[in-house]
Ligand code: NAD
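What follows is a single chain, given as structure tokens, in the form predicted on its own.
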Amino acid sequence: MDNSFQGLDRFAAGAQYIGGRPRPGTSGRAHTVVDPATGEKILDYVLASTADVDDAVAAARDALPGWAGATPGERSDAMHRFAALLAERAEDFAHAESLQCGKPIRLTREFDVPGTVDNTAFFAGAARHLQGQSAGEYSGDHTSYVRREPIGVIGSIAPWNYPLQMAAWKVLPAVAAGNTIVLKPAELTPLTSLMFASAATDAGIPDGVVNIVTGAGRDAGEHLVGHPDVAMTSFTGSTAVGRRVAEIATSTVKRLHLELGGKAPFVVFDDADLEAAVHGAVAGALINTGQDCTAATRAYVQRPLYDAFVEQVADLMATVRVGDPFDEDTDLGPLISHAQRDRVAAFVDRARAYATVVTGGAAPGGGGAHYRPTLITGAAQDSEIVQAEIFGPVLVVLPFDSDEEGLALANDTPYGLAASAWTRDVYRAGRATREIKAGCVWINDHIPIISEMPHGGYKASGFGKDMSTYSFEEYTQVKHVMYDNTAVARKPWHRTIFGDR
């Protein structure tokens, strides 16, 4: 199949993008980007050092006054050009994303890239809609109004599962609000983040507004989070690493946005459309080879439908085609690396001691990091396979009896990022949306996202929102401005100091 990606030479100057220019890292430590579908080398580059992070932050700081001082219309125009340019380069982005991640080309063409273009167009419009409370005389003697202002330099860290979309989710609301940004993508998947920043420059977004540092988390990442000139940190990744990010960020008293792990429940009531629930479960569990923090991982099925659900999910999973990401017929690509595949396999192998692997549970062979779609039953609610985030193509199914039990089980993990409920009963649906503690609850579907609606979690899944105007608000400071209207030197409240004098 054609898995050629034209233009790897564009990264010859290095995997850092600072002040509108690509450049090499200076850490002296080499890193290799590997195609997870074949195990073959894609690119060698030198990781960023702390000095590179300092340079990127300095470039962002220097660009801040001009970009923050631009009118909303000027920022919006530049971002509209950016969206148009991304659309022109859509196939290039799709191939690069599939190559570095192992994503099926259908997924990158139909989800990752169009979603990123749409996000860019959305925030181009949002740039002109910074809203605050209406001006008014709330005290009687003063006029008050609210300004929304940029926060400053943003330091963001993005994961490897959706490199292009996560770059967009970090960069777009930040720059639309007038901030500048330094983004650290995952070392495994820097290609599309670098292409994204380069496209921003080509669209006319000034040098230094969008910067990329590709380095290791323990040096470049931690240095970025703790940098005194970084006013806000946005991090997407595991809950364990999120705790470390929070520890560093709070020590410098900066704003923090965290989108962390998930273990999404998929609750099927006994009146659900069984065919819809089965297809939704398989698609929701296997999206991006299960490497999605909102993926359906725990299916709770009310007992009258349980046996049929398990049987039909197993049958449908068996039809999923695992293979070459650039084959148009491939449904499921590899995991991001052999190490991640082995991690997923270890979870499943440990579960064999207390649960049943109904289908899957093995690698198909070959040189890639593939793993077969896996269905597990018979696990206890408190078992590792139910409670831990596996981040692979694994679905666990458990039965429940009463509605109360099903909803309680859905909430019985530390996570709260996403969930779904399947029912024809409007009252059951309403109850599920009220009682499930998650940032998103789908009814009779699982996974779809749109630019206009927020994405973010409850509990150990973090706080703050990506996408939507709620995300836009994360990247602004709210300032109250108050004018005296009386022109009187001695105000009535001065009596608290001067008395009758």
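Just so it is clear, the structure is predicted and the values come from calculations on it, not from any experiment. Note that residue numbering follows the sequence shown and begins at 1.
This next part talks about the form predicted in complex with this ligand, which is not shown.
- Heavy atoms within 4.5 Å of this ligand in the model of the complex are found in exactly one of 376-384, 75-83, 130-138, 156-164, that being 156-164.
- Contact annotation for the candidate site: 301, 361 and 393 all lie away from this ligand in the model of the complex (no heavy atom within 4.5 Å).
- Checked against this ligand in the model of the complex, the residues 61, 459, 31, 455 give one hit for a heavy atom within 4.5 Å, which is 455.
- The partner is absent here; in the model of the complex, the one residue of 115, 206, 152, 261 having a heavy atom within 4.5 Å of this ligand is 261.
- Contact check for residue 102: every heavy atom lies farther than 4.5 Å from this ligand in the model of the complex.
- Contact between residue 312 and this ligand in the model of the complex is not found at the 4.5 Å heavy atom cutoff.
- At the 4.5 Å threshold, heavy atoms of residue 330 stay clear of this ligand in the model of the complex, well away from it.
- Using a 4.5 angstroms threshold between heavy atoms, residue 417 counts as touching this ligand in the model of the complex.
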